[in-house]
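Take a look at this single chain in structure tokens; it is the form predicted alone.
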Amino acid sequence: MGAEVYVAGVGMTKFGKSTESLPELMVEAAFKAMGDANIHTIDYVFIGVMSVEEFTGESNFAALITDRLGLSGVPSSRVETASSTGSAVFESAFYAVASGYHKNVLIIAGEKMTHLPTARTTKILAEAIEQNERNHGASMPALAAMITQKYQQEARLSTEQMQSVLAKVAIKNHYNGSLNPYAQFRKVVSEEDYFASRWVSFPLRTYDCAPITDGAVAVVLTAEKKRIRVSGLGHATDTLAVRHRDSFTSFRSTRLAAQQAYNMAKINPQDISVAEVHDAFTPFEIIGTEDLGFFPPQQGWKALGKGLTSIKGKIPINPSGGLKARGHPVGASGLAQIAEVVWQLRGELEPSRQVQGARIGLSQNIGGLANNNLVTILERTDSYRPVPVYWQSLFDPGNTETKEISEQAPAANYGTLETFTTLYTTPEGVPSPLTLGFVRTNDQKMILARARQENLKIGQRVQLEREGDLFYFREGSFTGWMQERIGRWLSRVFVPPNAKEGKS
């Protein structure tokens, strides 16, 4: 274990639509953080941006920012892990200080997004998706919507119940955002407002999706003892393709990262006072609270309904308003989560949004579609926290085994519809609306396909057709399905003698 690392200062710009350039936003945040830290000698600058080349057309960005800060000569590097970039750049800076090579390190993360058309921004964000799924027209909202449909089925919720759960997340986080002076949205949202909002990708509405945002955040880390210590870090990945995962409704990368962070900090989920959970989509907050061990699987929605995740609840989740209301400048969101946890632990916020007695805080940041996730744990240093000699983790990450991935095309022409969505806000160049579904074929391969019909239902038997690189599906006849199964059985039973001997 290296040296202890402390948070010396934080700074943030107002999130939302800004007339300032990205460098201007990042410089503003940096000077705020250095002023808060009362540190002006910086040994290293770490920059976090996700898609600056696509969004603003700029490159060599780390050098550009140090130049704008008047820190020419100070080493600088850029870190990127899609939408978890803010936490990943914090992780890199942590290790720079923990190694003992650097005393004071400046971290700046940001993104400038609002100047582009929505379809263009959607396409840029979709570039983080695996190519085959992206080619079928999948966007982040589409994949999140299919995950939501599957969660609804596994939790045995009706469509009305699931909609009510999603509404509660949006309403809670918009209320929290109304109290946050940095938030993009500071308006309280009612149930009527939620249900009046348009569909983005069924069953997700506008109020279920984080907005397009401009903003920047900065943090100064130091080896000198301060009020807030970095006590736990975890970082894990999962398959880029959603179809290759064992579960649609639990993120393996979060569970692994949480296990690492809890073990490093030597705490358990029940020790957390406050958490910022990645809610780019409202169902991800529910799944996140389960994957972090706050609630059992398929029980997070019940805890929400009981008020356990409100600011005054047992485990306050997203008191900042989350990505949903504070805003989501993709490269900066993870660092914004960390800044909120710092403020909460310092106890310096307005009473209306201050979590009373907060001592240990956690942030969970999702990269891409949950395939590069980080968990960060911070705690106050003004009181001694004894760790038992035989401390043992109570956190069970569940099944974390990897499986062999096959990219071979399915041999079967029939399968079962696992989950689906109709996407109304499609990426640039993709027709709208577009209905997509994950289909498990009879030979147990999972594929993403476009639908040729309406009135779909999870568990439905479907027939697959291939056109070029794309798959399509429609309701399959029972007769056709049986003929395929019988044919496959016969091919296994009646193998030609030469084939058995490996002869031609």
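In this text, residue numbers run from 1 along the sequence as written. These numbers come from a predicted model, not from an experiment.
Keep in mind that the form predicted together with a further copy of the same chain is missing from the display, and what follows is about it.
- Contact check for residue 394: every heavy atom lies farther than 4.5 Å from a further copy of the same chain in the predicted bound form.
- Residue contact check for residue 101: one or more of its heavy atoms lie within 4.5 Å of a further copy of the same chain in the predicted bound form.
- Proximity of residue 424 to a further copy of the same chain in the predicted bound form: non-hydrogen atoms within 4.5 Å are absent; the residue sits far from the partner.
- Interface residue remark: residue 338 is not counted as part of the site for a further copy of the same chain in the predicted bound form, having no heavy atom within 4.5 Å.
- Proximity to a further copy of the same chain in the predicted bound form holds for all of 57, 63 and 236, with the criterion being a heavy atom within 4.5 Å.
- The listed set 53, 443, 465, 475 contains one residue whose heavy atoms approach a further copy of the same chain in the predicted bound form to within 4.5 Å, identified as 53.
- Only one of 280, 146, 204, 88 comes within 4.5 Å of a further copy of the same chain in the predicted bound form through a heavy atom, and that residue is 88.
- Segments offered: 466-474, 38-46, 433-441, 25-33. Contacting a further copy of the same chain in the predicted bound form at heavy atom distances within 4.5 Å is 38-46.
- Along 71-104, residues 71, 72, 73, 74, 75, 76, 77, 78, 79, 80, 81, 82, 88, 91, 92, 94, 95, 96, 98, 99, 100, 101, 102 each place a heavy atom within 4.5 Å of a further copy of the same chain in the predicted bound form.
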